[in-house]
Structures are given as structure tokens and as C-alpha cells.
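This text opens with one protein chain seen in two forms, each one given by itself as C-alpha cells under the names structure 1 and structure 2.
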Structure 1
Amino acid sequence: MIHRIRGVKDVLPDDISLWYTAEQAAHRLAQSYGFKEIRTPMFEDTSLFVRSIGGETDIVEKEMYTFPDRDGTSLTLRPEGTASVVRAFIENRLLNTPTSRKLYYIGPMFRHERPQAGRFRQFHQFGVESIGSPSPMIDIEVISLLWRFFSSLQIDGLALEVNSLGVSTERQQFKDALLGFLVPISANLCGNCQRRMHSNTLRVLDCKVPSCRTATAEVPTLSSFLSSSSSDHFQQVLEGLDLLNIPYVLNHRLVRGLDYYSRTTFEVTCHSLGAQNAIGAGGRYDGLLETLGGRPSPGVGFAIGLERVISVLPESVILPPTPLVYVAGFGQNGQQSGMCVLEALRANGIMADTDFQSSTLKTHLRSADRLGATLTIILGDDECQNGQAILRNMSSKQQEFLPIDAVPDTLKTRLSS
């Protein structure tokens, strides 16, 4: 027997309603904010992610699924969505199309991580990218969409944390000061922080190991290195969140694991998720388009892990299953009439099914129960002769007669109401 690969999972039919709930909320809200869907390839030239994410990040160094193509080109399964969207944005000259500067995506991403609760090697993200405007109003809009998505799903225990990473020169000054603070206390840091202290200095602030948190309790804050321009930008973002009544917490230790982020950065956590509690995050990336060969143009976006969202969905928001109508056609004429009714129901957008192995009313009703049918249309030879089908409510067991020709329109009206 061949088993699924470690770190991935099958989405089974009983779980699909959870995915529909989250995905439909994503489509509905993104489009209500003026975002248009984009779909990019699941694998790209490896250099796209090395240049955008950063060659010294954990993702590029340890987590990407990279393989050679037959012509020797190095390809990588996308570990995140922003780089692919920006590449498509540049390549297709969408900056010249005002209606395509706000984009969203839903799809699988791939990282070779240690599988654990809330972390998979294939996972799905809902993300948005707004490209072309440096205005802090766009930051507010994107954060608002992020927060409204979770609010619409009635997820409890959420916290929005925000920070500013400044521009590259300010961040470099802070990195130098941070490294000067870390070197004398390096013996008190975990092995991972000792390793990345010189290569990816900011990630030390993100470490969850208690000894590292204690050792860096008095670390300098990036806010003291921000220019008046960056400070003003961030202040306008905070004022906008206050205006929209979106609750937030300032977290001066909040950084991102990808090199392309600048200025506004944010993260939503959910306390019920345990150690892996980040459920959505994002920020501004004003230099990314230029890094990937495009015209200098600012951008901001976020990504949400759908597996984590689905794991905390309250039952009250889960979309109910679509009602199933079962057609029990038996007897020579009943089978033929049942096939015609089955086709007519489906043509009217009604989910309908039958069991072609069943040949008696008793076995048909047993199959209808097994399939979870809401209603059953009973069509035997006698019903066909009288031109009347029996409509049976599988829950109450109540039955009524309907003209066979009227079954599709009658059920369409009743089910839609």
C-alpha cells in the first residue's frame, strides 16, 4: 500500500464544507475591496525566490523544494505567493493597467519543514497584493481586509500586532546596533540564534525560546532608528486603524522572515492554536519590484494560512451541505423515468443522485439514507402509469404526490427558499 508523503494531508469529502466556508469568504471579501484574482504557476525559476525572499533566509537555505529541469534549469515549488504575483505583475505589465493593481490569490505553497501541528509541507494560502501606491491608506485598507476576513468567520482569540521595519538604510542601522547588543550575550542564545545572528540578525527578535527572550529583553527597538518620514507613515497607519475601530497591539519585536519587507509589518495570532499561533501576516515591500527587474513601485500585502483558519472555524459559520435529492427509480418504466428526472434535476442545478445497483424501493431508501439525502423522488411502474411521483421527506418521512413533469421546477423553488 502506498501512503501519502509525510507532512501533507488529504482533504476528505467530510471536510470540504470547511474549505468552502473559508475560500468563499476570501473570494467575497477580496472582491468587495476591489481585488481581482490571479493564478500563478506552482513552480518558478529558483532565482525568483532567492532574489526576493533572500539567499540567507531559512526558507531559501533549508525549506524550498528545488529540483533541476531536464535542460538544467533550477526550478522551485513556490514557498510563498508574493514573489510569483510580483513576477507576473512585472512580466505582464500590469502596472499599466489600473484595474489590475490589486490582486488576490488562493492556492497551495510548499516548504520542507518539520511537520507539526499547524505546519505542513504542502499548505494553502489566501493572499492579497496591492501594488503601485506608497500611501499609508493602502496599508490600512489591506489590514482592514485581513481583519474583516477573520471577523466574518467569527474566529475568537485573535490579536493584531503591528510594527514598522523602516526603509533599508534605517533597518541596516538597527541591524548594526542589534548585532552589537547580541555579540556580548551570544553565549546565552540558542544554537539557532547563534547561527543566524550574523546572517539574518532580525530573526533573533522573533525567537520563541525562553532563554533567548530573557537574554534580549533589553534589546534596542527599531522605532528609535526610524526617520521622520517612516515615523509619520506608521503613525498615519495607526490613526487609520483607530478610525476603523480595528484593535491592535504595538510589538517592537515583530519582524518578518523575508528580506523584501519594509515599513509597515503586521501579524494576526490566534491563542487557541498553541505554539504555531500565527494565522495571517504581511506588510509593505516597497523595493521588491525593482529587485525583480521591474520599475520601482511600492507594494503591500498579506498571506493567511487556510489550514490554520479551518482548524479554528466555529461551527456556526460553516456552510451547510448542499441538499441532496435522491431519485428512486425501479421497475422497467420507473428506471427509465427516474433517469429522465435525475437528468432534469441536475440540469436545474439541483444536486441529485441515485444507486443504479438498487432494484427495489426498500434498497433505494436504504441507499438514500446512506448518502444523506434530504428528499427522495419515488418512481415505480405504478407512479409512471399514473404520471405522479412520490416526494418523500427523509427526515419527517412525510410523503406527497407531484406530477412527474413538475418535479424539477417544484424542487428548484422549494430548495432555493
Structure 2
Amino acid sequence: MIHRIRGVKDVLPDDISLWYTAEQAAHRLAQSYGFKEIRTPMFEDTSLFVRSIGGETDIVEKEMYTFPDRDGTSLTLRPEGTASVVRAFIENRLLNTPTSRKLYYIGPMFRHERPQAGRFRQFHQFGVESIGSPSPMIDIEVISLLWRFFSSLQIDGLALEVNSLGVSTERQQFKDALLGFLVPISANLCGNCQRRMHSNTLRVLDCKVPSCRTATAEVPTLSSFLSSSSSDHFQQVLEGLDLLNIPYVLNHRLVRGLDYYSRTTFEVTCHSLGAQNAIGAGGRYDGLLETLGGRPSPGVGFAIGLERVISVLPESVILPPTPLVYVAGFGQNGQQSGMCVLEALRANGIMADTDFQSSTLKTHLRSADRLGATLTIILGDDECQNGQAILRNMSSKQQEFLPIDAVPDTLKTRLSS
């Protein structure tokens, strides 16, 4: 038997309503904030990701699905969405199109990591990108959308953390200072931190090992390295969040793994998720467009992991299935008549089905029950004779007669009410 690839999942019919629920919420919320959907290819020129995400990051160093095209060009399955959207934004000159500066996407991403709870090699993200404005109002708008998405799905146990990483020069100064602080005390750090203090200095800040926490308790804070303009920007973001009653926690140790982030960064975690508890995260990326050859334009966005959302979705928000009408046509004429009624129902947009294996009323009703039908049309030879079909309510067992011709119209009005 050929098995599915490690780290990927089949979404089976029983679970698809979870996905509809999350995806519909994403479309509805993003559009209500004025974002337009964009669909970019799932693979790109490898250099797009190397340049945007950063060559030193784990994603680029060891997690990308990269392969040569037939002409030798190096292609990569997208590990995240921002790079592709920004590329498309530049390439299609969307800066000149006022309606296309706020974009959202939903789709699969690919990273070659060891799978674990909440982490897959093909996973799905809902993300937004707002490009072209440096205003802190945009940061607030994006964070608001992020937060409202989770609230609309009634997901509990969430925490929003925010921080400012400053612009790249500020961050570099901080990084140098941090390294200067860490080197003398490196003996007190865990093995991981001793290694990454050189490769990924900022990461040491959010190490969970208690001894590292105490060793770095007196570390210089990033905020003291911010210029007044970065600092003002951040203050305005925080004030905006207060104004909109979005609860957040300041976390000076919050860092992000991708090189392109600048200034505002944020992350939403959910403590019912397990070790991989980040459910959504994002930030500003003011230098990214320039890096990718576009006109310098600021941007801010987020990405939400849909598998993680779905795993904590409360029962109460899952979209109910569309009511199903079962057609039980049996006997010489009933079978044919049933076929016509079934066709007519479907032509009227009503979800209708039957089981052609069933040949008696009993087996039909059992099939109707198994398929979860809410209504059943009973059409035997007697009913054909009278021109009256029986409409049976499957939960109340109540039955009534309906002229066969009137079945589609009657059900149409009844199911819509």
C-alpha cells in the first residue's frame, strides 16, 4: 500500500465542516476589513525566499522543499505567504491600484520539519498583508483583524503579546549590546543558548530554560535602543489597542524568526495547544519590498495556522450541515418517479440524495437515517397512483401528503424559512 507522505494529512468528509468554518470566518472577517483575496503560486524561485526570509534562518537553511526545475532553475514550495504576496504586489504594480493594497490569502505552506502536535509538513495559513502605509493605524487595524478572527470563532485561552523590534539599525545595535552582555555570562546559559547567542542572538531572550531566564534577567531591553520615531510608533500602536479594547501583554523578549520583520511584532498563543502554542503571529516589514526590488514601501501583516485554529475550535461555532432531503422511490413506478423528484430537487438547489441499492421502504428509511436526512420523500406505487408523495420528517416522524409536482417548490420555501 502506498502511504501518505510523512507530515501531511487527509481531511476527510467528517472533518470538512471544521475547515469550512475556519475558512468562511477568514473570508468574512478579512473582507469586512476591506482586504481582497490574492492567490499566488504554491512554488516560486528559491531566491525569493532566501532573500526575504533570510539565508541564516532555520526555514531557509533546513526546512524548505527545494528542487530543480527541468531547466535547472531552483524552485521551492512556499514555506510562508508574505514573500509570495509581496513579490506579486511588486510584479503586478499593485501599489498603483488603491483597491489592492490590502490583501489576504488562504492556502497551504510547506516546511520540511519533524512533525509533531500542531505541526505538519503541509499546513495551511490564513494571512493578510497591508502594504504602502507606515502609519501605526495600519498596525492596529491588522492586529484588530487578527484578534477579531479568534473572537468570532470563540476560541478561549488566548494571549496577545506585542513588542517592537525597531528598525534594522536599531536592532543591530541592540544585538551587539546583547551579545556583549551574554558573552561574559555564557557559562550560565544552556547549551542551546551558548550556540545560538552567536547564530541567532535575539532568540536567547525567549529561551524557556529557567537558568537562562535568571541569567538574562538584567539584560538590556530592546526598547531602550529604539529611536524616538520607532518608540512613538510603538506607543501609538499600544494606545490604539487600548482604544479598541484589545487585550495585550507587552513582551520585550518577543522576537520573530524571519529576518524581514521590523518595528511592531506580535504573536497570539493558545495554551490548550501543547508545545507548538503559537496560533497566529505577524508584524511590520518596512524594508522587505525594497529587498525584493520594489519601490520602498512599508508593510504589515500576520499569518494564522489553520490546523491549530481547527484543533481548538469550540463545538458551538462549527457550521451545521445543510439539511438533506432523501428520496425514497421504490416499486415499479415509484423508482422512476423518485428519480424525477430527485432531479427536480437538485435543479432547485436543494441538497437531495437517495440510495439506489435500497428497494423497499424499510431499507430506504434506513439509508435515509444513515445519511442523516432531515426530510424524506416517500414515493411508492400507491403514491404514484394518487399523485401524492409522502413527506416524512425524520426526527418527529410526522408525515403529510404533497402533490408530487409541488414537492420541489414546497421544500424550497420550507427549507429556507
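What we label the rigid core is the largest C-alpha set whose atoms superpose within 1.5 Å from one form to the other. Every residue number counts along structure 1's sequence, beginning with 1. Keep in mind that what you see is a predicted model, and the values were worked out from it rather than measured.
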| item | value |
| --- | --- |
| Of structures 1 and 2, the form predicted in complex with the RNA | 2 |
| Shift of S100 between structure 1 and structure 2 at or above 2 Å (CA, core fit) | no |
| Threshold 2 Å Cα movement between structure 1 and structure 2 for R213, core superposed | yes |
| Angle through which the smaller rigid unit swings between structure 1 and structure 2, given in whole degrees | 10 |
| Core-referenced Cα shift (Å), A187, between structure 1 and structure 2 | 4.4 |
